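This document starts with one chain, in the form predicted on its own, laid out as structure tokens.
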């Protein structure tokens, strides 16, 4: 009887928390509509409502997301309050200069992702749950600071001029930040759902690689500087196409690192089944399942992003499909993962072949994402180095 009472109390508290979360989102949505409604077109209002519904659902099924979103909102609003409309405050105010200005927040994001990678692997080697939990906490902090950096950068672009302001997902520097944040969020969701942190170091290693490129790009090429958008990017389609696309990329990246972990564990299990590494990692069946779900998630979002990109292309260049190098390689990437899922569903393929295929898919994704912009010329050349 006492256990039933405690369970009922827990359920009641859970629903109270969800109700409070929904109420807070509703109030925030109404505030944005009242304060900025005159500046929003019908597409932006639609995006606002879709974002609200998505955050409401995520907050219900994934309680840690609520705290993440609240932290991002509070820190972002604090940064805007300290700016007060004066961009020069970034150099004068302590909190902006060292923590909350967009570039400062992104540097903190980079530091915490690097630390999270080391700590996750340290916990895996030492088989320490506490250490791996600390790695997870650092990943959450990094993700929060990365999102704060993007939100504040959005406002900073508007403070530079009304004709300059834009959502910060328009160039290679900004989308690398977006990639890190989205990949981390997807992984942290899976980490809670599967109740294992053994894959944390592997996924964070992928994010660390992106962070290293990001740091080089910022310091070597001054990519962190905010510049006006090229005409093709001055579209509402960018606000939905790019984030949707990078949910796909993030999920594919996670599947890649799960494939790497799967191959290492299967190889070690053959040599020494009772080794500490095999015991510390998720089972092969669990990794195989998670790899499949990651690719399915990525494929769904990448498909939607490709369709949205076609509508954007029709508006910007007058045709839905022009066989531009970016479009062609996007089709190759889509066919690759479509074939992966087809063989999984119809032939029951699993295990090592699919892990290797996931890794090969990453290199196709990498060329689609980055290589096309570097080595090939086309309508998407504005995304180059």
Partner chain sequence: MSEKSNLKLFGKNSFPRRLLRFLGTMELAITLLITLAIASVIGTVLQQNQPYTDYLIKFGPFWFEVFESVGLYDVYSAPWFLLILTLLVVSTAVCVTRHTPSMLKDMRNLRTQVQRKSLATMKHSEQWISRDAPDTLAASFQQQLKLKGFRTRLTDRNGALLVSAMRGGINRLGYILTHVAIVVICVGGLMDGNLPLKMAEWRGQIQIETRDLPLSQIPQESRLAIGKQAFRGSVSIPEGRSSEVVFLPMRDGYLVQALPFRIELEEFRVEHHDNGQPRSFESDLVIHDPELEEPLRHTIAVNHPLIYKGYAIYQASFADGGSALQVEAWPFDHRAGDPVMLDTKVFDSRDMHWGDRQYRLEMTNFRLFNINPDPTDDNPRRMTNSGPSFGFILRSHTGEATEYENYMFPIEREGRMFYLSGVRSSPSENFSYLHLPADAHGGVDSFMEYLARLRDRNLVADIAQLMTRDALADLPEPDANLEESLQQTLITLVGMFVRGGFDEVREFVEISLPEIERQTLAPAYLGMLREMLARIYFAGVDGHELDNTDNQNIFFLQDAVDAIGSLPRYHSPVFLMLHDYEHIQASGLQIARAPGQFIVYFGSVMLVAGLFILFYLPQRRLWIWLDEEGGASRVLLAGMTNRNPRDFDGFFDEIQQLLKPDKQEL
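Residue numbers count along the first chain shown, from 1. Just so it is clear, the structure is predicted and the values come from calculations on it, not from any experiment.
Only in words, not in the display: the form predicted in complex with the partner chain, which the text now covers.
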- Message: So in the predicted bound form, is the partner chain close enough to residue 276 to count as touching (4.5 Å, heavy atoms)?
- Response: no
- Is residue 221 close enough to the partner chain in the predicted bound form to count, meaning some heavy atom within 4.5 Å? yes
- Query: Taking heavy atoms only, is residue 314 within 4.5 angstroms of the partner chain in the predicted bound form?
  - Reply: yes
- Message: Residue-level contact is defined here as any heavy atom of the residue lying within 4.5 Å of the partner chain in the predicted bound form; does residue 303 satisfy this criterion?
- Response: yes
- If you check 242, 233, 186, 159 against the partner chain in the predicted bound form, which one has a heavy atom within 4.5 Å? 233
- Message: Exactly one residue in 62, 67, 320, 356 has a non-hydrogen atom within 4.5 Å of the partner chain in the predicted bound form; which is it?
- Response: 320
- Query: Is every one of 164, 299 and 343 within 4.5 Å of the partner chain in the predicted bound form, counting heavy atoms?
  - Reply: yes
- Query: Can you pick the stretch from 197-205, 290-298, 114-122, 90-98 whose heavy atoms fall within 4.5 Å of the partner chain in the predicted bound form?
  - Reply: 290-298
